[in-house]
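Here you'll find one protein chain in two forms, each presented separately as structure tokens under the names structure 1 and structure 2.
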Structure 1
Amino acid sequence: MNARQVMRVMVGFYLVLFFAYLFGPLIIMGITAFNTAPYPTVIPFEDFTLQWFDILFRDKDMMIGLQNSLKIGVLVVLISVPCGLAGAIVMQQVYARARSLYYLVVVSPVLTPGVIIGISTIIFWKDFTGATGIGFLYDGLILAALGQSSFISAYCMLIFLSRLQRFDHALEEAALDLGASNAQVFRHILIPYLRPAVLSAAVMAFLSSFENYNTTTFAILSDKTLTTVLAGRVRQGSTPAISALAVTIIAITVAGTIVYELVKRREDARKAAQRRTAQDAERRELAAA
């Protein structure tokens, strides 16, 4: 074997290990979710069953945790996306000398351990609600959403910043020169341009909230989310019902990805058709002239 063949074999071996490491656990969980064995096992495969999905959906604690995770995820999206957008816009407006300091301040929550964020969230909002009398904020779900939003909003800001770097600010100046107000420029020019970033930030914020554990386990108080319930169950011993949950989440994720891709392709095809129609009309006008 020459050096090129050896390199191909090594690269192929590396790829096999990489994909086995990446998809191996998912395949194992997928098999154990349909095995009748009471403990997650692949071999021997006793018989095909769907009982673990039934047990999963009948699990009261699991379903309550799932509902709470969904509620917190929606709250995090509603808080983090506007805050991230505001932070990105301010980042574009501050003086160049202060930009580094501002960036350090707004991104610092990302570098803070989740345990510290969770504990500080409880301490701050307990004192705040005690001083102001706004007691409804000292709730497990709201505290978890506020604690998660403190660092997830920084991720959203980074997404908006990457999009704004390609934005032509001359469009805003032209609209203002033509008499548009700042609110109109924001609504009719900036928001349409940032629409893909808004969608990406919302999806990222929801997923980051849904799987968060460190911050949530401290800020949630006596409530529970899906991740905290799962952590408690794993300590007691894993069951195929957890594998069934993993299969359900994977199925929903894959289905959402497929739907998004189909919608995106349909939209791209519609835009391409509009461009071809416009080009044909332009050519007809030139031919008639």
Structure 2
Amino acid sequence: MNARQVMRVMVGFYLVLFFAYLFGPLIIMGITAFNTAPYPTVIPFEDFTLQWFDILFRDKDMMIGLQNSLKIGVLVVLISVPCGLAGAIVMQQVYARARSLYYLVVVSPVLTPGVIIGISTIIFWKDFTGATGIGFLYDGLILAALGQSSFISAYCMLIFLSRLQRFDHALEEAALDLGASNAQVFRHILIPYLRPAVLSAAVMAFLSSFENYNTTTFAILSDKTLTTVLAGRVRQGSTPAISALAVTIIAITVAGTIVYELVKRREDARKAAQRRTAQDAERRELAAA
């Protein structure tokens, strides 16, 4: 065996180990969801059962938490996507002297621990709503959405920025030149250009919100979300119902990933076909000229 083959075997070994480490714990947890044992365990595997899923879906707190998580997720998408979009556009226009301060402010939530964001959110909104008489806003769901949006907006902004960097500003000028108003340029040119990014930002925002714990556990006040209910259950003691929840979540993500991949492949195929058409046209044209 030469050095190259040794290297290949080692790389293969490493990859297997890495993914075993990554998936091992999840798989073991997954198996416990189907074991009749009242305690999450793999051995002995007593008997196959779906009873833990049944228990999970009957768990009232979990279901209330799930509803709240979905509500917060939608709220977060509605707040962070516009804020991130505005943040990215302003980033491109803000004048040089203010740019670094602006960047520091809006990107800082990405580098701030979630618990701190949660804490600061409740402190501020408690005093602010108390002092301004808008106490109804001091609500767990709203605060959780606001706290999460603080950093999820920044993620969205980074997504938009990377797409905007490839934007040809001549498109805006062309539309203006053809008589469009600024608002029309925004609606007809910039937003359609950013549409793929809007979609991925929305998906990302929703998922980040849904799985968030650190910020939510502070900002949710006396309400509950799926993750906070889950945290409470896990601290009380282990039950295979929690494994069942994990399996459900993993199944949904896997399905989502597959759908995403299929959509992306179709999109790629469509783009490739367009390119081929353009190349054909080019060839014919050169032949004719």
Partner chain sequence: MQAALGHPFVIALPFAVGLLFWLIAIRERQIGRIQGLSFFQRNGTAVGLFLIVAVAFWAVFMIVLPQLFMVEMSFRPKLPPSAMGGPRDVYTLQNYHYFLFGSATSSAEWNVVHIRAFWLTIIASILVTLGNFLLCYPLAFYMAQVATAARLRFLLLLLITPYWVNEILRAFAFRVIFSTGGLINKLLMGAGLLSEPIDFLGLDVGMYAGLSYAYLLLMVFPLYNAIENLPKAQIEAARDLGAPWWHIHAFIVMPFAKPGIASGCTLVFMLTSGALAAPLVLGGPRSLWFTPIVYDRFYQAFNWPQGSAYAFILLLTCIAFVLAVMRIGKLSLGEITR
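Not measured: the values here are computed from a predicted model. Take the two forms, find the largest set of C-alpha atoms that superpose within 1.5 Å, and that set is the rigid core. One-based numbering along structure 1's sequence throughout.
Asks: Where's the form predicted alone, in 1 or in 2?
Replies: If we ask which form is the one predicted alone, the answer is structure 1.
Asks: Would residue 165 count as moving between the two structures, using a Cα shift of 2 angstroms or more after superposing the core as the test?
Replies: Result for residue 165: no, shift under 2 Å.
Asks: Has the Cα of residue 179 moved 2 Å or more between the two structures, judged after a core fit?
Replies: Shift at residue 179: below 2 Å after core fit.
Asks: Against the rigid core, is the Cα displacement of residue 90 between the two structures at least 2 Å?
Replies: After core superposition, the C-alpha of residue 90 moves less than 2 Å between the two structures.
Asks: If the rigid core is lined up, how many Å does the C-alpha atom of residue 134 shift between the two structures?
Replies: Displacement of the alpha carbon, after core fit: 2.3 Å.
Asks: Quote the shift of the Cα of residue 279 between the two structures to one decimal place in Å, the two forms being superposed on the rigid core.
Replies: So the C-alpha of this residue moves 7.6 Å.
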